[in-house]
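Single chain ahead, by itself, as C-alpha cells, in the form predicted alone.
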Amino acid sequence: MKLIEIAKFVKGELVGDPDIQISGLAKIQSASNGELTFLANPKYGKYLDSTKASAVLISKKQQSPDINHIRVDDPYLSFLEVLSLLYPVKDPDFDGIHTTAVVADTADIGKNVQIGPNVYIGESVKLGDNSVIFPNCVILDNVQIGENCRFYSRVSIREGCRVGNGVIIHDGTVVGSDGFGFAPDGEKYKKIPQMGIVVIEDDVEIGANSTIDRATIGETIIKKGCKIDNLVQIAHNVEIDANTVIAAQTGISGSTKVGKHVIIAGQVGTVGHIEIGDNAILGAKSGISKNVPAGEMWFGYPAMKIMKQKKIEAYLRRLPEMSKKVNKLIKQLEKLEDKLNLIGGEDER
C-alpha cells in the first residue's frame, strides 16, 4: 500500500513522501527498505536515526525524525491496525462441513459455518453463524456457541457449556473438564460430581492448552473481553470479570472471584475462595493467599503490596553485609562484657 493510504487508515498525520510503497512491517532495529515500523517504547528511540525502514509510526508528542513518518495518538495500537490490514487472518483450507466430520442430526448449525476434518459435534449443539471449527475439535451435547467464533485444532468443549460471540480458542484447550473435587472417605477419596457448566461471554480469547473447569454446581464464568494466555488453569466455580488479562502458567483455585480490568502476570498462583478487586495487578510468580483490594499492585510469595515487598527484598539482598556487621558487634559486646566482668572482680577484691 502507499504510505498515504496507511495514514488515512490509521487517521494519522503524514509527514514525508505520500507515494512510498509499503510492502511489509518490521521491528525498528531490523526494518529494511519498503517496510513500515513504529516507535512506542522510548528505549528503542536510539534506533530511530539508523533504521532502514521507509517510514515509522510515532506519537504526536514525539519530536519529528529525519524520516517519513505518520503521527498518531498511539503508535503501538496503530501498528497493530496496519498489521491486521496487511496480514489478515488466513482462511481455513476447508469449506462448509467436511465429509469426515461427525455432526449429530439434532445439532443446529448456523449460516456460513466451516467445520473441519474429524470434528465431532454432539446432540442438540447450537453453533452460530460464521463460526469456524478447525480439525479434530470435540463439541459435546447441549453446548451453545455464538456467532463468529474460531476454535483451532483439538479444542474440546464439554457438555452443556455456553460460549458467546466472537470467541477465539487456541489449540488443545479444554473448556468444561471436571473440577478437582474429592472428599476424604476413610483411606480413600470419593469423587464429588461436577454438575455445573462453564460460561464464556463475548470477545474472549483463550490461548493454547489451557483448562477451564466446570462448576461443581452453578457456573464457572469468564466474562466479556477477557484475554487468557497459554497453559492457564482456571478451577471450578471461579468468576473472572470483564476485560481481565491472565498470562501463561497462572493457576486460579476454586471459587476465587477476579474483578474487572485485573492484570495477572505469568506463573501467579492463588488459593481458593478469595477475591481480587477491580484494576488490581498481580506480579509474576506471586502466591496470592488472601483478598487483594481493588487498584492495588501485589507481588511476591506470599504476595503483599509491592512497595512493602520491595523493601523486604532490599533488606534480603543486604543480609550478608548485615550479618558481618552483626557478628562484629557481637564480638565487640563479648569483649566489653569480659572487661566489665574483670573490673567487677577487681572491685570485689
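Residue numbers run from 1 along the displayed sequence. Here the rigid core means the biggest group of C-alpha atoms that line up within 1.5 Å when the two forms are laid on top of each other. Here the structure is a predicted model, which means the values were calculated and not measured.
Form predicted in complex with another copy of the chain: not shown, discussed below.
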(message) If the criterion is a non-hydrogen atom within 4.5 angstroms, does every one of Q144, V199 and T256 touch another copy of the chain in the predicted complex?
(response) no
(message) Can you work out which of Q63, S50, N33, S323 has a heavy atom no more than 4.5 Å from another copy of the chain in the predicted complex?
(response) S323
(message) Can you tell me whether E187 touches another copy of the chain? I mean in the predicted complex, with a 4.5 angstroms heavy atom cut-off.
(response) yes
(message) Can you tell me if K126 lies within 4.5 angstroms of another copy of the chain in the predicted complex, counting non-hydrogen atoms only?
(response) no
(message) Using a 4.5 angstroms cut-off on non-hydrogen atoms, would N209 count as touching another copy of the chain in the predicted complex?
(response) yes
(message) Does any part of G277 reach within 4.5 Å of another copy of the chain in the predicted complex? Heavy atoms only, please.
(response) no
(request) Could you list the residues in 297-319 that come within 4.5 Å of another copy of the chain in the predicted complex, counting only heavy atoms and keeping sequence order? (result) F299, G300, Y301, P302, M304, K311, I312, E313, Y315, L316, R317, L319
(request) Using a superposition on the rigid core, decide whether the Cα position of G176 changes by 2 angstroms or more between this form and the one not shown. (result) no
(request) Align both forms on the core first, then report whether K305 has a C-alpha shift of 2 Å or more between this form and the one not shown. (result) no
